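Just the one chain here, laid out as structure tokens, in the form predicted on its own.
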Amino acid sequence: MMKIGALSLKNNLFMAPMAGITDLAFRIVVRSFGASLCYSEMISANGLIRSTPRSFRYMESSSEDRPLAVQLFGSEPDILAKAAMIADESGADLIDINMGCPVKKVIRTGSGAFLMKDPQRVAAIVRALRHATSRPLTIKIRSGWSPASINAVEIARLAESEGADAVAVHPRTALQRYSGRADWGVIKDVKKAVSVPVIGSGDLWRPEDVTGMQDMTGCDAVMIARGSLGNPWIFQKALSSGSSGFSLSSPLPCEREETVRRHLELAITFRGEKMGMLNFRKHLLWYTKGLPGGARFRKSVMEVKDKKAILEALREFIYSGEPDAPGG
């Protein structure tokens, strides 16, 4: 168990915020495999204070989706503070500020990883939000803007001094985006520099990576992102590996089928059949990536819009070359 501010968590494995991916359906799936804290997709602070329907939809939750961290992005302290109050009133269990997104449309607004260029603005933002909400408050940062300006330690210290309850570090620079290797040494440096919990992220593809990051950096928690795509079992495996020294084997065909079916049903429940199927399609591609015959399967179902037909094709694909499926 660990704590961020007053929030108690059952373990130190978190689901990272990912735009277009960490919706309610996906969060419920990864929680079922052990993720103790999940983050919303990043939400525009401007969108919240303007009552944009899409911004509020990103905060939709359920009793199965707790505790929920709501991640905000923006560049103006007063606007972010107002958005934090809205998120607080909407039931967020934790509020996070995105200071790491390297996407151009976010950078152009002075938000996301662009804030790594302006430590004093970072301090002003954290200060404003600390006054606006009593919820646990965290920031998610990069190593720095560029290799010549690695300032994660400076930013983390400023955030702590202004009242942040934890700092998440993705140790790539903004200019790296998602290329190259994550420098876990930066996480270690931040951990040495602050007393609040430090959450490590970056290049967590296998259960061994989770334990490796913790051992190398001393970080208090890890935040799994792309390593969970099509592989929500990574949380269960990491928990098993951490407690026993042995990771679980790959999911059985029946377990894979049940998880994919449940994810699709949840997507349809929360978004309706048309949008649910559309949003789920990318997850179906990830669930079958790397499996024998996966490329052929993905090509065959790309244009299929009927739920029943997709599930039947999925079942046939998963059990191809396997013993008869249950009930088959």
Ligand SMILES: Cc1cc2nc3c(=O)[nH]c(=O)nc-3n(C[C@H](O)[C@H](O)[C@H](O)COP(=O)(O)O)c2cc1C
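Computed from a predicted structure; not experimentally measured. Residue positions are given as counts along the sequence shown, with the first one as 1.
If you look for the form predicted together with this ligand, you will not find it shown, but the lines that follow are about it.
**Student:** If the cut-off is 4.5 angstroms on heavy atoms, which of these, 94, 204, 219, 239, is the one near this ligand in the predicted bound form?
**Tutor:** Result of the distance check: 204.
**Student:** So this ligand isn't shown here. In the predicted bound form, which residue out of 79, 198, 153, 225 has a non-hydrogen atom within 4.5 Å of it?
**Tutor:** So the residue touching this ligand in the predicted bound form, by this definition, is 225.
**Student:** In the predicted bound form, does each residue in the set 16, 42 and 98 place a non-hydrogen atom within 4.5 angstroms of this ligand?
**Tutor:** Each of the three qualifies.
**Student:** Can you pick the stretch from 172-180, 158-166, 125-133, 82-90 whose heavy atoms fall within 4.5 Å of this ligand in the predicted bound form?
**Tutor:** Looking at the partner contacts, the answer comes out as 172-180.
**Student:** My question is simply whether residue 111 lines the interface with this ligand in the predicted bound form - judged by any non-hydrogen atom within 4.5 Å.
**Tutor:** No, residue 111 is distant from the partner.
**Student:** Mark residue 21 yes when one of its heavy atoms lies within 4.5 Å of a heavy atom of this ligand in the predicted bound form, and no otherwise.
**Tutor:** Residue 21 belongs to the contact set for this ligand.
**Student:** Taking heavy atoms only, is residue 71 within 4.5 angstroms of this ligand in the predicted bound form?
**Tutor:** Yes.
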